[in-house]
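The chain below stands alone, shown as structure tokens; this is the form predicted alone.
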Amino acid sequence: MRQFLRTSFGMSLLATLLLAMMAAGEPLAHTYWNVVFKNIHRSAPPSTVLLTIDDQHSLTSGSFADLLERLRRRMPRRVLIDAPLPVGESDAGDAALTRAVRSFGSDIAFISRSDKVDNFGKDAFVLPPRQITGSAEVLVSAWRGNFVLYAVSAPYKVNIEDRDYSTVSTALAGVRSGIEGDYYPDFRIDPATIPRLSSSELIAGQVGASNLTGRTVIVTGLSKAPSILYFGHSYAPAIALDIAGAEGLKAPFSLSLGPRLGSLPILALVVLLIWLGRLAAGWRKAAAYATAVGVVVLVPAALRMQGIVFAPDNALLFLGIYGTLRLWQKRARRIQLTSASGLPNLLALANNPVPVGSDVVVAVVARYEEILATLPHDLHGECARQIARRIAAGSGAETIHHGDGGHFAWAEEARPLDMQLDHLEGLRALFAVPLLIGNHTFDTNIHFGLDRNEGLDTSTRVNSALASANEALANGRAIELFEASRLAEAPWELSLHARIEEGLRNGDIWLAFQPQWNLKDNRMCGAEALIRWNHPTRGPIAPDAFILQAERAGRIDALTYWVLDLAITAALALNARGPRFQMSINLSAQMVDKPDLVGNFAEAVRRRGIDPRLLTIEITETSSVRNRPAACQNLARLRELGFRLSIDDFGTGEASLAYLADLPSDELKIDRRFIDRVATNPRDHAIVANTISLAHALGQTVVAEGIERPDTLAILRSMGCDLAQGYLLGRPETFAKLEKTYAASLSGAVIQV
């Protein structure tokens, strides 16, 4: 027995049984049924019609009596009253209502409803007055709920003050109420498909007899009726649950072992299939495991449609635990054993001390996965061994360690840095000769990560060299040296997201605004929103530093939408004070191709009520955009919505003529590197002048950024530049200071530009 419990199967079964005793699988069952009934629907039966009372506030006993009389003339099969009776206002009205009720004979019943799940006490039900209902049947509606209060089941009868009352569902289904136990609704019933008519339509004569004759009519005030959590639909009117319950009672079977025992049949079947899979091999093992998954996913739903309720929660628990253990065991074995090539893996290197005076080197082969994808599986090991032989021949290392993703690591004698770099360059040259593996020939490109920090443990050094090799590959460099100082910065960079969130909360991260001036009108006409970070211990942090880290960590979205919201607030305030004021924000290349970009920007301007034409989106380096067609499409859609698009840092990196040809834009910002030298360098002067002319010919507004000297501004004005930005005209400042500067510019109290 002890040996059995040490196996992954035994541990999984024991853990499942223990968790089942604590009802830990309930969230899984809840999620399962919610998903099932979100995707499987059927229409409500036409035999039951809801007659909704339009205005309950003006309803009197007399008008209710009139409504019932009009309803009786349509000859319904049965009428259920699911609304409070308006009695006590007048004797004549109460008498009329009593006559109307009794004119239905036994074809009328009244509903008393518990206002929430799991409430079966006598105080939960308000019974209708007997002086009105007479001998008419009273039905109750009360539901049992799960741990998040979704309705799950209901008893066939409810005892109130020593008297048994039938439930609404049993009455609708025509089922005896004497049965013990619970029944389960058919949550496939879509509440929106329940036939509905209004009392105003009936009174106005707009309801034909065929709409009500021979049907069960439930008179309800839906606006006042309670709602209950309903699988697949969130909240739904409680009467919808009663109708779903009736449909569940009409299923071919009505079988459930209850919430505890109801999960055992599926669990037993899955356990048996997994046990058979463990004994089998090859396709039979895969078939057994696939069948077990299919049983958990499909069988409970299929049986539920027939009225047999078996919960999948504990079977899901078992599969999850067993699968996790198996994956962990496989991973553990893979870590403990050598790689498929027969070479020792990286863990073997990390677990042994590196000789004193040695460097740790990791080489990564570019496109290694593509090489393996091209080769037959039986040649994968040979590929790794050939690469290792070349590295060993060039490095002189006795043992080359092989890791996933084309990584090869070793330790070798440390040389002076210049000599070591030359040595690795020579080793790299060995891979200029193609690899010949079987009948396949491959060109190879290899990159190195180098760690020379002898004071660190081996595991840290291997990981450092590994990170450097990956960085060299990503940046296209031959060799990347891991400096010890980077370890000191690693905790900061790895916790950047939490620090950014903290900075946003406490105000260390704030939004600055740098003014832009219209050179023709000689006025401040806009500003660029720029994010700033004053850290309490590290001081001011350069935007490029933390924005780059935020992009690498995939956290730039939150910062961008935070900037957008504050920029909109500023733009609304300034446009309310004077002429048109344009607000510019920067859009990261990491976001420009995302599917939700346009929708999020559109929602932001809609929610804040701002004209998108007052916002300019600045786009810079798109070389890192993964999906360039999607990026261009997003930018075009933003422009269609009214946003202005600006090409930032024009003349540097990729921001060149290709941008003007490919990207829809309204504005071009000339990079400060050209602006700085426009007064002293004839070539830069010519480049700027011709760029302005080209932009104007294409209908673009031109912004010169980085202006710091009056002579530069004068030259740009003579060239016809439209807008100017730089320290000469205003440094990035808080919004409060920007407001004062703008107010001063409107009054002419600032120096003219």
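The shown structure was predicted, so the numbers you read here are calculated from the model rather than taken from an experiment. Note that residue numbering follows the sequence shown and begins at 1. Superpose the two forms; the largest set of C-alphas matching within 1.5 Å is the rigid core.
One more form of this protein exists, namely the form predicted together with a small molecule; it is left out here, but the text below deals with it.
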### Query
Which listed residue (271, 530, 504, 305) meets the criterion of a heavy atom within 4.5 Å of the small molecule in the predicted complex?
530
### Query
Tell me, which of 133, 514, 256, 453 has a heavy atom within 4.5 angstroms of the small molecule in the predicted complex?
514
### Proximity to the small molecule in the predicted complex (heavy atom, within 4.5 Å), stretch among 458-466, 156-164, 586-594, 227-235
586-594
### Query
Has each of 543, 649 and 726 got a heavy atom lying within 4.5 angstroms of the small molecule in the predicted complex?
yes
### Query
So, in the predicted complex, is residue 215 in contact with the small molecule at a 4.5 angstroms heavy atom limit?
no
### Message
Is residue 26 near the small molecule? Define near as a heavy atom within 4.5 Å, in the predicted complex.
### Response
no
### Message
Can you tell me whether residue 250 touches the small molecule? I mean in the predicted complex, with a 4.5 angstroms heavy atom cut-off.
### Response
no
### Query
Using 4.5 Å between non-hydrogen atoms, is residue 547 touching the small molecule in the predicted complex?
yes
### Query
Once you line up the core, how about residue 565: does its CA shift reach 2 Å between the shown form and the other one?
yes
### Query
Taking the rigid core as the frame, does residue 672 move its C-alpha by 2 Å or more between the shown form and the other one?
yes
### Query
After superposition on the rigid core, does the Cα atom of residue 169 shift by at least 2 Å between the shown form and the other one?
no
